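Presented below, as structure tokens, is a lone chain in the form predicted alone.
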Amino acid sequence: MAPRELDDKPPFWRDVKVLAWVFQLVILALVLAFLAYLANNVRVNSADLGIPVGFEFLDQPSSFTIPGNDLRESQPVRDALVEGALNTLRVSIVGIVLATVLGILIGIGRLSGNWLLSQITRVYVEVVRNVPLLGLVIFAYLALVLAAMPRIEDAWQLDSLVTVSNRGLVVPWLTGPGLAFLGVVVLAFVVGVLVAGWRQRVAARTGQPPRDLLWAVASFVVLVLVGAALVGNGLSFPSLEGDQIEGGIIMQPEYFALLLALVIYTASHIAEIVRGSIQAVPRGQFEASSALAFSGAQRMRYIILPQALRIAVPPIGNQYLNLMKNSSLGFAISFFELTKVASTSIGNRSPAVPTYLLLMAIYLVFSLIISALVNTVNRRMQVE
């Protein structure tokens, strides 16, 4: 009998690739079977207790209101969940922007040659990131917002621009068509990006400093102001009338406390990411920028930060996800974000299992959107 050729494939029951696929399929089947078993138990037990497991409850009246919102008790649970999701987005988007700016500044300050600045930022990072976030949220609400801020009769006012009291923070706000203003902002942003690209091309051709950021910001601001005036937008300024505040838009105490805690906490983690990313930039880059007579600000702006942020984007993206999910701690201070609305709805006889399934699905969608945006930025920043 002729010997078997070396390149012959083994039988499928001895093929490593086939066995690996079979093993994974078996594991998947076991997981799906376990989930089906749990789902069947939930269905049977819920039926015995007379608890619905469908989503018909979304059409039932919510039977509660949300502070600072026009939601009526007669409106369905679906509308209440939408308002809760919008509140989660409001605190998450603003928190991500503020935490990023503060975290980058503190991360740079940690490496400052100024001893006092570096020590202050070091103490901030070491203290804040080792404090439980829930405790920080409650402290911000009880100690800073309710206890430290003045009563409405003694509200702090800054030239009719900002009014601060234990009822919240009131700032100027737009009047007029909001959708038209959003279009103006988008158009101004696109123009700002184009202006920045134009300045970079001019700098490459002439050798002059590009000042692309300055030109982009200036063009953005000018276009927003001109466009807002053309579409009929104006500004409403807050004014204190007795114990009432007229005009502007109010930042509810619960929202302000949650936002403050999330920004302070997340910025401490972003600061460490930025510090480590800057230190990961090769030492020769610092020396080369110094040899070219760059100032400290120029060195950081043009040489170090662009390279450091390529390293920092993925872990900073994780902090964005954490901030969005940590906004659920607003329930502890009665801020009606998504989790608080879902819990209140369950307390008003909505079924718990489908409500929390819907809650987790919404958080999953938010997380996937943030991850997709961060991954897009990360791909754009990678060196080809």
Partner chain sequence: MVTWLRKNLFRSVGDSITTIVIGSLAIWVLYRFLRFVFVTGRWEIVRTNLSLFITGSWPEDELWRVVVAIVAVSFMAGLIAGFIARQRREEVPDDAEPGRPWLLDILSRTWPLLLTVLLLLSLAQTVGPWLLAVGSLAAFAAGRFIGPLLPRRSGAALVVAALVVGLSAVWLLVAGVEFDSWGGLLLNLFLAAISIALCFPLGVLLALGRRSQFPILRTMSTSYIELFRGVPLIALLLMANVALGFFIPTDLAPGKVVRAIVILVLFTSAYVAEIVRGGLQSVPIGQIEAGRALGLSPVSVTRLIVLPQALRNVIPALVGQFISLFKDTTLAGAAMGLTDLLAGPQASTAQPAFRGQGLIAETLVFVLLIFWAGSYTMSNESQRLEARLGVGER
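This is a predicted model, so every value here is computed, not measured. Note that the rigid core is defined as the largest set of C-alphas that superpose within 1.5 Å between two forms. Positions refer to the first chain, counted from 1.
Below, we turn to the form predicted in complex with its partner chain, even though it does not appear here.
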query: Location of its partner chain contact in the model of the complex, chosen stretch of 255-263, 71-79, 277-285, 123-131 [non-hydrogen atom, 4.5 Å]; finding: 123-131
query: Its partner chain in the model of the complex reached by all of Val186, Arg211 and Val374, non-hydrogen atom within 4.5 Å; finding: no
query: Close approach of Trp115 to its partner chain in the model of the complex, 4.5 Å, heavy atom; finding: yes
query: Residue contact check: Phe331 to its partner chain in the model of the complex, 4.5 Å heavy atom; finding: yes
query: Heavy atom of Ile138 within 4.5 Å of its partner chain in the model of the complex; finding: yes
query: is_contact(Ala293, its partner chain) in the model of the complex, heavy atom dist at most 4.5 Å; finding: no
query: Members of 62-83 lying within 4.5 angstroms of its partner chain, judged by heavy atom, in the model of the complex; finding: none
query: Shift of Gln24 between this form and the one not shown at or above 2 Å (CA, core fit); finding: yes
